[in-house]
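Presented below, as structure tokens, is a lone chain in the form predicted alone.
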């Protein structure tokens, strides 16, 4: 049994390696729900998912059910999805419109700001019953950046601006690709579960080492991956004979603090990218922002980004991926295609089609990763070997002046080590 003391937790992480227990111990998982997911800033959803008053979206912060809903004054509220009478979930659908939210159990009715506005058979309530005392609880803190909604279940802690820090640039990089400067996550969702710990997906997001091996079926005989963007004839060169390709080696990863990180963009033939659909999009973007700015936007530097602990933004096959821990060995992943507001519908359709090929539950790429996570979880049941190695590139990092952050090869494990430093900070902090 884990007692959660600073000394006990500290022994789980060493330079370049972590204990297998961080993936397999149910007690550690329960402590993560309290100390990490119960206190950190978590991605909730995107404002585009609730465009009109009364529109709502339900999800979980850690394992706590919440409602993201747009109130009549157009503000976005995040409320605990728990009736204040007997505890039932008030909204059970994943999304919809409910200007008034009614609990199915005893019919209590709540306004879209959480205020209790209706109690059937009110004469049964106590003489001092006050509806103001029974509204749906709001999450203690909520912040929005360019439509991305984040919340914290803790009333105190690091500020949102300090937490997000340099990762704002990763959101900007994606949002700026839309001619209108706005994104929409309204094109559906790929939802799947895998039998493995949530941190396996979080680590994998910024792991470029596994690509030539874990995704070998996506690489041609000459070592080139299939094209993953509209207008490209070929994808990235990842293997040259039996070695990592030079183009793949030059990619870098960045440890942005607080567990966040990103990998630099894959080298592709940007100057040769062309198709009628792509050219129409380029023209639409240039018409809004000018040709020079459009050229800059269309050469993004972010391949994959992680805002720790629960959301990934991908710049290649553009999408937002939300990681939800269910149990120590069970994780849900939600992949949201991104629609660029103001772009021709043909380019949005092309982006979504390519995402279906790469990151849907039955895609070329994501199925490989889910299988790897399952095998890792099974392998870690072996108790004769205690440690998991994350030492690639340890000591070889340099400092990037532009981001003021440690930088290493994308095939190293710099960002994974950064995740565990943040993990340890959360887990060692007294409850």
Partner chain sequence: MAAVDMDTMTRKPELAFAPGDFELFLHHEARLLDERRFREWMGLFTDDGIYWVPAVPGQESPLNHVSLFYDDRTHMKTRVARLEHPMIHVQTPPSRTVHQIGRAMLEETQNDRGEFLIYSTVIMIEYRQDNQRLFGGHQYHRLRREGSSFRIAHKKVDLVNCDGPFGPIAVPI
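Residue numbers count along the first chain shown, from 1. Values in this document were obtained by computation on a predicted structure and should not be read as measured data.
Keep in mind that the form predicted together with its partner chain is missing from the display, and what follows is about it.
Student: Specify the contacting stretch among 216 to 224, 102 to 110, 201 to 209, 81 to 89, defined as having any heavy atom within 4.5 Å of its partner chain in the model of the complex.
Tutor: Comparing against its partner chain in the model of the complex, the contact stretch is 216 to 224.
Student: Indicate whether residue 332 is a 4.5 Å heavy atom neighbour of its partner chain in the model of the complex.
Tutor: Residue 332 belongs to the contact set for its partner chain.
Student: Considering only heavy atoms, tell me if residue 192 and its partner chain come within 4.5 Å of each other in the model of the complex.
Tutor: Looking in the model of the complex, residue contacts with its partner chain include residue 192, since a heavy atom lies within 4.5 Å.
Student: Answer yes if any heavy atom of residue 188 is within 4.5 Å of a heavy atom of its partner chain in the model of the complex; otherwise answer no.
Tutor: Because a heavy atom of residue 188 falls inside 4.5 Å of its partner chain in the model of the complex, the answer is yes.
Student: Against its partner chain in the model of the complex, would residue 353 count as a contact residue? Criterion: heavy atoms within 4.5 Å.
Tutor: So residue 353 counts as contacting its partner chain.
Student: Ok, 289, 357, 297, 280: which has a heavy atom sitting within 4.5 Å of its partner chain in the model of the complex?
Tutor: Flagged contact: 357.
Student: Which listed residue (179, 114, 257, 337) meets the criterion of a heavy atom within 4.5 Å of its partner chain in the model of the complex?
Tutor: After the contact test, the surviving option is 337.
Student: Contact check in the model of the complex: 158, 161 and 175 versus its partner chain, with a cutoff of 4.5 Å between any heavy atoms. Do all three pass?
Tutor: The answer is no: none of the three residues contacts the partner (heavy atom, 4.5 Å cut-off).
Student: Need the contact residues for 358 to 374: heavy atom within 4.5 Å of its partner chain in the model of the complex, sequence order, or none if there are none.
Tutor: Result: 360, 361, 362, 363, 364, 367, 368, 370, 371, 374.
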